[in-house]
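Quick setup: one chain, the form predicted alone, written in structure tokens, and binding and motion questions come after.
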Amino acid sequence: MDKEESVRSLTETMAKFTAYIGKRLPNDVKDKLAELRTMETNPLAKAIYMSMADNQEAADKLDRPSCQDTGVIQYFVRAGAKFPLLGELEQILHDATLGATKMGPLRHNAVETFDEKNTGTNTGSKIPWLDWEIVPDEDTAIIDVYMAGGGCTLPGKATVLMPGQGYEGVTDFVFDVITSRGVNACPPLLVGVGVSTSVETAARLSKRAILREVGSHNPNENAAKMETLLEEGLNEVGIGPQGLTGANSVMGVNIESSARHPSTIGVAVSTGCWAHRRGKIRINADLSYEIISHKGAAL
């Protein structure tokens, strides 16, 4: 097919996929919620988990978003330098957001800052937000689509610690964030922690952390141990589903990190709510695709 037809085809694929993830949770999140339900002894907590499952079943059956806040659309792109539509990809994802807004239908969540005007399209200045990673010598693109909700992900928090505060300071910061606002973010939460050298790099890494699968671990042994200890500690807080107490507060804790300046420890926390609406898709050079996050999904 020619380039114009290729652009149109990929735009349609991404519009359908973006709309799709608002209605159906990825397999890892569904499996974890089912597991947490079996661990509850509190009758109210069990009932809430059953309600969550009923919500997802109804969203699938009715082909409607499972939450009224379909968030700000964000795309995390890992594209090969040889991907044939690399130069067109930003416009493709912009137009895919327009299409998904109609297909979903998605709530209109793009308000122009300072003008205080809702665009009505989920697009606007630098929205949808694109996070880029270009890979040499590859011709495929892996795109993570994320619906960043106003109650869970968007109120993330970041700071820079002094080196003397160490990893204990990182732990304190994570606990302060989750115990102060986690109850309002529709738990159980997937907690993403970025540990880096400044607020902006830590924040970016914390968002990438919640794109990882539930139950995955950082390849660094010390970071993986910290993930486990944070998860265990946060679960002992007993926030429970929807903040109404229970055996678990989180679905997991994922940490992403970078090297840092010796005088600073940047740390950031991003959270995904129980309805963690994200999807991962691989686009091949011939524009065929594989949906990674939702096994057996068809667009």
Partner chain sequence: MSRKILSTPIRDEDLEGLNVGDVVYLTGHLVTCRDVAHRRLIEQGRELPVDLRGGAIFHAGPIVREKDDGHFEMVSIGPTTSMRMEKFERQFINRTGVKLIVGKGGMGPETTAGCQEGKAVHAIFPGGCAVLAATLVEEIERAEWQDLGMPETLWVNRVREFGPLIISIDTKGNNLIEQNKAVFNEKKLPAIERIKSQVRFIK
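Numbering follows the first chain given and starts at 1. Given the structure is predicted, the values throughout are model-derived calculations rather than measurements.
Just so you know, the form predicted together with its partner chain exists too; it's not on screen, but the next bit is about it.
Interface residue among Val199, Leu85, Val135, Leu154, judged by heavy atoms within 4.5 Å of its partner chain in the model of the complex: Leu154. Of the listed positions (Met52, Leu36, Val250, Val29), a single one reaches within 4.5 angstroms of its partner chain by any non-hydrogen atom in the model of the complex, namely Met52. At least one heavy atom of Gly166 is located within 4.5 Å of its partner chain in the model of the complex.
Taking the partner from elsewhere, Thr121 is found to have every heavy atom lying beyond 4.5 Å of its partner chain in the model of the complex.
Heavy atoms of Ser66 reach within 4.5 Å of its partner chain in the model of the complex, making it an interface residue. Under a 4.5 angstroms non-hydrogen atom cutoff, its partner chain in the model of the complex has Thr171 among its neighbouring residues. Listed stretches are 88 to 96, 101 to 109, 75 to 83, 206 to 214; the contact stretch with its partner chain in the model of the complex is 101 to 109, by a heavy atom cutoff of 4.5 Å. Residues Leu130, Leu161 and Val191 are none of them found to lie within 4.5 Å of its partner chain in the model of the complex, as judged by heavy atom distances. Contacts with its partner chain in the model of the complex, taken as any heavy atom within 4.5 Å, map within 209 to 227 to Asn222, Lys225, Met226.
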